[in-house]
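Quick setup: one chain, the form predicted alone, written in structure tokens, and binding and motion questions come after.
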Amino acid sequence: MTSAKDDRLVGRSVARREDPRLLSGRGRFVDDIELPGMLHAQFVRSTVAHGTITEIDLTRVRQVPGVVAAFTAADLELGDITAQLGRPLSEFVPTAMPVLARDRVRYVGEPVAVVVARDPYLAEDGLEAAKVTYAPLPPITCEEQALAPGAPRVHAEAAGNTLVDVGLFATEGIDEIFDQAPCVVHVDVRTGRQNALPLETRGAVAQWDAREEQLVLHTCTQTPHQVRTVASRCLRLDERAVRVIVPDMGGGFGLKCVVGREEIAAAAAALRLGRPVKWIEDRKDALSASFLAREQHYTARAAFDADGRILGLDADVVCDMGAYSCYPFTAGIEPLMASAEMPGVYKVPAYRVRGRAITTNKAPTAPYRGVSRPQYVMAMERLMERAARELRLDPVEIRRRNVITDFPYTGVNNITYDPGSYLESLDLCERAVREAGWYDRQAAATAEGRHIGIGYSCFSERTGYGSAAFAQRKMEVVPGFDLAEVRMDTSGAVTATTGTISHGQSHETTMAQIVADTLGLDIAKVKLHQGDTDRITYGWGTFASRSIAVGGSAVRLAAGKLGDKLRAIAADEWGILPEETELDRGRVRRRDDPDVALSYEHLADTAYLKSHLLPKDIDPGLTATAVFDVHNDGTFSNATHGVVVELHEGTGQVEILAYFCVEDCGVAVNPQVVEGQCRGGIAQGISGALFEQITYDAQGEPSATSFMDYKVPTAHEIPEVVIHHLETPCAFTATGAKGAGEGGTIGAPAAVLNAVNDALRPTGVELDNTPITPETVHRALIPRTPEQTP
């Protein structure tokens, strides 16, 4: 290895290297880009949820002072965006998403035309002059309408407004298991539609580079190579002729890991006009017309034996995916995730599930942080709680009897779980809550007539999905591997390039820690480059907690190859074998005489400037590339969350008094970064449990188009989070790390909901849906007569 163990950076909370730039205002985001002659685009958007377009008249738009051009779909003649699954039509119905609506609109806010002007304000003036005439059609705004017999179709080809209908598992004899089980419990869980709310809204700057004969598209995306692929196809350009660059990015959370329409339209306008075009999404459009998430419905039952052990699980999952399938994941991303992984951390011997994606006249959805896991974990945890009540068991004890403890474990869902600390995290979390005195305080508060509840959730998070795992879903576009290149220059400095892209995950720090450790190099000598499709052949970007598990492994392997080359060059100069050398603090030294060493600068000088001295089997230069993929079911992080809440009778307010998180993401490359991921995810999870929801009226009009209507919690509502780390290293990633990006979001809603229900226990009321509104809690706390008690 490279350096003394005490010098290792992996496992240490190295200060974030990107902070000085970002905190001093020297970050460069899409909206910071200013180019000579640049124009500004905004979109004429549908004002009806469902209808045919009978006329688009942009005559007056083009007459508005400052407006340079206005285009409809017919003007731009762009190809559609179509996401595909390799499943029969009985299971998946593909639907095309036009870049601009042509003959029909399917949700309020759908882009119909693009207006280009000298500045953003003049572009807005142009929007006011647009005249679009619709023949309204009945909107589909909820699951019940979508699935009703004879319901109007959002897409003519999608019978029953169903895009995906798959039954992945059905254990033989499951009905008999339920018939004979001593205890069967049911839940009906619904979760509200949310917005991922990255601080930076979507945006793009497009320009044609005549010298390179290339469209250069700066955009804030989590998947630059997929944007390049779709842009080239929609614009009918060779893929070489499209370069996508991602500058600093202010969050994504999955909303930006799918390909949008507006950046393609802005690029088309730039090509037509021969001038740079910028589009920045305003907050109103971001809230109502961007990609949304989370609206799901679980009807589930579980069978238990008399000792509280699960005998079977039977679930029907319906995900409201809005108007279109997202690219590349399709509308199957949510129901297939839920169906495949719902048993989670528990030993479930029999399983049946039906997963459906329905289409409605709402903005489409994207795989928001956690992707169905916050929802199915909530359904599973409600089943555990309900069974504990039926069987008069402690809610922690019933989990203890059911969590997976022997690894590797192959579940009824045909997924093999690598080693984790499911039971240990549960025990430690309960102990942390107990030792903090919350059980005693709860008893005292109950005696005083107050309503304090304690709730838990146990979950795993499959991370490091490789191509094998994604292929099982039958995606036509199969993510998985990632590439890395590590290059050393003549000064001994290193540039690492990866196919992942940071949108707040601290990659500049954590990837550099991996490279510096592998090469025995000062971290200050390492620079990371991401987000430029011309600098790395291909990459799958950042989502599903894959960056460190997959991208970090590729970086580790590439750095290892470069280290091997340095040792080979040094060994040749000494006339010894490479195995007789080692890397140490920016130099290669002899193992038999550590005081004899050659600096990286010296070796790089030989590799580049005196290549005639190299042995014949070593090429000039110091560049190494590596590919990493996961060829099994992936690796599983795990955690237990414990929450203490108090319900206030007068207002129905849910106050979170304490929050505990015990997490295990394998080797934590940077523990402080992991804690940041946990806290951020928990804040989003709490927000989904208590605050955020976008609803629609009967006409399909969204309820929340500003932060006046869409409640976003602040530090006032988010409690301190006590975090404990456990470490079960992954055996097959190059660093031992598992993913850590989404776990906080996954566990929080279930833990909060269970805590609220624990506080409501004396009332006999149980809640299964989120967000938990003050009105709901207030009604639950109203004293009832024995006859009124549920």
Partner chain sequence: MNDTTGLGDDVQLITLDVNGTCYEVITAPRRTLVDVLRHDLRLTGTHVGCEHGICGACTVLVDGLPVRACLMFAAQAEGARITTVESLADSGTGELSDLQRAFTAHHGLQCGFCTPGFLMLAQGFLAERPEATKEDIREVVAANLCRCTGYQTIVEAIDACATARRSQRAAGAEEDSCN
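What you see is a predicted model, and the numbers here were worked out from it, not measured in a lab. Numbering follows the first chain given and starts at 1.
Below, we turn to the form predicted in complex with the partner chain, even though it does not appear here.
Judged by heavy atoms within 4.5 Å of the partner chain in the model of the complex, the contact stretch among the candidates 473 to 481, 236 to 244, 497 to 505, 433 to 441 is 497 to 505. A residue is said to contact a partner when one of its heavy atoms sits within 4.5 Å of a partner heavy atom; Ser703 fails this definition for the partner chain in the model of the complex, lying far away. Using a 4.5 Å cutoff between non-hydrogen atoms, Thr714 counts as a contact of the partner chain in the model of the complex. Taking the partner from elsewhere, Gly251 is found to have a heavy atom lying within 4.5 Å of the partner chain in the model of the complex. A residue is said to contact a partner when one of its heavy atoms sits within 4.5 Å of a partner heavy atom; Leu23 meets this definition for the partner chain in the model of the complex. Within 4.5 Å of the partner chain in the model of the complex, a heavy atom is found for every one of Glu34, Leu122 and Val673. Put simply, of Gly203, Gly680, Gly160, Gly621 only one has a heavy atom within 4.5 Å of the partner chain in the model of the complex, and it is Gly680. Interface residue among Ile53, Val765, Leu726, Val68 relative to the partner chain in the model of the complex, by the heavy atom within 4.5 Å criterion: Val68.
With contact defined as any non-hydrogen atom lying within 4.5 angstroms of the partner chain in the model of the complex, the contacting residues in 707 to 724 are Phe707, Met708, Val712, Pro713, Thr714, Ala715, His716, Ile718, Pro719, Glu720, Val721, given in sequence order.
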